[in-house]
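First comes one chain, alone, set out as C-alpha cells in the form predicted alone.
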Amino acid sequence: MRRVSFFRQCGGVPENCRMEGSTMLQQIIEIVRACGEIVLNADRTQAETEIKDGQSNNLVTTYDRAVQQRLRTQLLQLAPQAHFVGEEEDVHESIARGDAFIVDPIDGTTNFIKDYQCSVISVAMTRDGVQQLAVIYNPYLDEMYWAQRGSGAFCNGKRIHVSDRPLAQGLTIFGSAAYYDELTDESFRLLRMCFDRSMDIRRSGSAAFDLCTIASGRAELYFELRLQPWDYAAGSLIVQEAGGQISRIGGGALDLTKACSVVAAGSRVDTRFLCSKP
C-alpha cells in the first residue's frame, strides 16, 4: 500500500491557501491525481508504442493517449467553454482568447516506457494566453505541485521557493533537446559551460519535473534549447510563483503558442553567460 502523503492528509489545497479560483484548482488537482494512478498501475507489456514525426526517440504510448483523453473529458466538464491543447493532438486549438487547458499527459514518455520512474502529468489553465493555474504531479514520488497566479507555489500543501544560492554552490539540470539533432552540439557546448560554473549536472528526462525541481530549490539552473508549450506551460508558472527566473535563453517571455528555448533559475543565478557565442 502506498503511503498517505501530507497532500492527501490535508485533502488538497490547504485552508490557508484558499482564494478566488481555488475551487477550480482543487478540482484540477483531483483529476490529475486520479490520472497518476493510471500511470502507476500501467501494464507496460500491454502498452503499444508508436514513433511520432518519424523520430525514433519521439514516442507515444496507449497510456499517453488514455491519460490525455481522461484529462480532456474531465477538464472540459469543469470548463466547457475552454479550448484544449494536448501534446497528443494532431491539430492544436488557439489559446489567444478565452480559457484554455494546456496538457502534457505523460511528460517523460521514454522514462515511462523504460520504467525509469520519472514522469509527470502537467496541466496549465490559461486565460487570454496567460497562465492562471498550474498543476504538475509526479506519481512515483507522490509530489503534487501547484500554483495560482499571484498566490505562490506549493508542493503537497507546503509553500516552495527557489534556491538563493549562486550557481557555484548549486546544480545545473538540463534537457538535451533530443528531438532536434541540429541543436545537439550547442546544447552540450552550453552544458559544458554550466558544468564549469556549478557543482555538478543532472538530467531527469522530464522538462516539467525539472521546472518543479528549480521551483522547489533543489537545483539552481535549468535550460533546454527547444521545448513545446505543453512541456513548460504549467512549470513556468510554478517557477515564477516560487520566486524564480523564467525566460527564453537570451531573454524574452516564453511563447505559449510555439516551441522556444527555456531557461529557469534561482534568485541569485546570472544566466547571461548562456548567450555567449563560441
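Heads up: residue numbers just count along the shown sequence, starting at 1. Computed from a predicted structure; not experimentally measured.
A second form of this protein, the form predicted together with a small molecule, is not displayed here; the remarks below concern that form.
- Only one listed stretch (188 to 196, 70 to 78, 127 to 135, 171 to 179) carries heavy atoms within 4.5 Å of the small molecule in the predicted complex, and that stretch is 171 to 179.
- Contact annotation for Glu241: none of its heavy atoms lies within 4.5 Å of the small molecule in the predicted complex.
- The small molecule is not drawn, but in the predicted complex it has no heavy atom within 4.5 Å of Arg33.
- The shortest heavy atom separation between Ala147 and the small molecule in the predicted complex exceeds 4.5 Å.
- At a distance threshold of 4.5 angstroms between non-hydrogen atoms, Thr109 is in contact with the small molecule in the predicted complex.
- Candidate site formed by His161, Asp164 and Ser236: none of these residues places a non-hydrogen atom within 4.5 angstroms of the small molecule in the predicted complex.
- Taking Ile246, Leu227, Val39, Ile29 one by one, only a single residue has any non-hydrogen atom within 4.5 Å of the small molecule in the predicted complex, and it is Leu227.
- For the options Gly157, Pro139, Gly152, Gly205, the one in contact with the small molecule in the predicted complex, meaning a heavy atom within 4.5 Å, is Gly205.
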